[in-house]
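Take a look at this single chain in structure tokens; it is the form predicted on its own.
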Amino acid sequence: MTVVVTALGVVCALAHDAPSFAQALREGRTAITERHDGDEDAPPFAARLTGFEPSHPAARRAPRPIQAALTTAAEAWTSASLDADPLPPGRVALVVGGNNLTGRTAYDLAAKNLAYVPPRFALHMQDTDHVGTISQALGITGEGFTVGGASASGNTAIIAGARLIAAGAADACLVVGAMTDLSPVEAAAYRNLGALAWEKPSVPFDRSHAGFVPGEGAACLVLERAGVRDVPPLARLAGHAQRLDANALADPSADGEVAVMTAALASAGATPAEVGYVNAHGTGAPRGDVTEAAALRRVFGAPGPLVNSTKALIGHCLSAAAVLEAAATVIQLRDGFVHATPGLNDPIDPSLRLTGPAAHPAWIGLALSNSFGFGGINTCIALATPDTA
């Protein structure tokens, strides 16, 4: 069964809708800035979501992550014409990728008198509040749940949605990458681990890299069984894979990354030579970048396909990262380019085709999008142009 992508929804520091996101990718703009408000507990460098107003009335009194998620779901729903050309509500599923999504809200409430914690927080503190709010707003009555895979959560959600369709449990699935709104406690933990860029900005795959720069955003893909409606697809989900490293720590494994890319290619019935582009996990963490570069060389050789990291533009959006990067990959497939990696002037591996400060016109055909999470969670999806089906 062929699964296709029929619509996108995007909210991030770079853009508040999918068309604006596409334009920003083409221009190679970055939303990463340095803060100057004197807040010593907040990361000094970040891609912050500002000037955003939720578009759907159901989101206006909800926490910021719910506001962003519902806005992207509503945009994708309309873009896919699911309002004008609907499916039976029970044949539409909803999968939200993300875990530990309410840390900031809980932290802020804990600073107040606990007697004044609103009863509604009993719902908001659950990650499944995303599922309840989005399904109610859009009238979705098929299967629905959240999946967590740390920074790989978005790809785990895409894979789960594709499996629901392939199994015949749904004809379409909204896959939402939920926004992570870091609390000071969570930011401090990442800093103390050495994972978070603090002293200077950090560029993926550049020798100056010094940890990830956090980003704020959410995204939604609409997946559908090909032909279930007369809607032109943006891309085809050609293959996917998930693999564990049997490792509870934050140590990346080249073996695990090679295994998951190889498995995704096998799922797509493709060879490494057919891949034109890889949207890398590429966080800017030195060990992670070096490990992924080594894995790319082992899978593709050198120079291999074009490689970039969308995190150079929007920061590391954690739970939402993989869905935002899948959306970026679909846009580049559709529009025939590979976006720039601003600041990549001294690549850690010049033998790879890492895109630097300038974009590349490119007919891609087939692309991989990698996403790896703490705890040895490796994921990879293969996306193709619709005409390669």
Partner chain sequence: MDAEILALLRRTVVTVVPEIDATEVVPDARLADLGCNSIDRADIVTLVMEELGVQIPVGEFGGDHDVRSLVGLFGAYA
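As the structure is a prediction and not an experimental result, all values here were calculated from the model. Residue numbers count along the first chain shown, from 1.
The protein also exists as the form predicted together with the partner chain; that form is not presented, and the subsequent description refers to it.
Visitor: Of the options G168, P118, P232, P88, which one has a non-hydrogen atom that comes within 4.5 Å of the partner chain in the predicted complex?
Guide: In short, P118.
Visitor: Verify the contact flag for N113: yes if a non-hydrogen atom of it lies within 4.5 Å of a non-hydrogen atom of the partner chain in the predicted complex, no if not.
Guide: Yes.
Visitor: May I ask you to check whether R60 falls inside a 4.5 Å heavy atom distance of the partner chain in the predicted complex?
Guide: Output for R60 is yes: heavy atoms within 4.5 Å of the partner chain.
Visitor: Are any of the heavy atoms in V228 no more than 4.5 Å from a heavy atom of the partner chain in the predicted complex?
Guide: Outside the cut-off, so no.
Visitor: Using a 4.5 angstroms cut-off on non-hydrogen atoms, would A189 count as touching the partner chain in the predicted complex?
Guide: The answer is no: A189 has no heavy atom within 4.5 Å of the partner chain.
Visitor: Could you tell me which stretch in 355 to 363, 60 to 68, 332 to 340, 30 to 38 has residues with non-hydrogen atoms within 4.5 Å of the partner chain in the predicted complex?
Guide: Among the listed stretches, the partner-contacting one is 60 to 68.
Visitor: So which bits of 13 to 28 sit within 4.5 Å of the partner chain in the predicted complex, heavy atoms only?
Guide: Counting only heavy atoms within 4.5 Å of the partner chain in the predicted complex, no residue of 13 to 28 makes contact.
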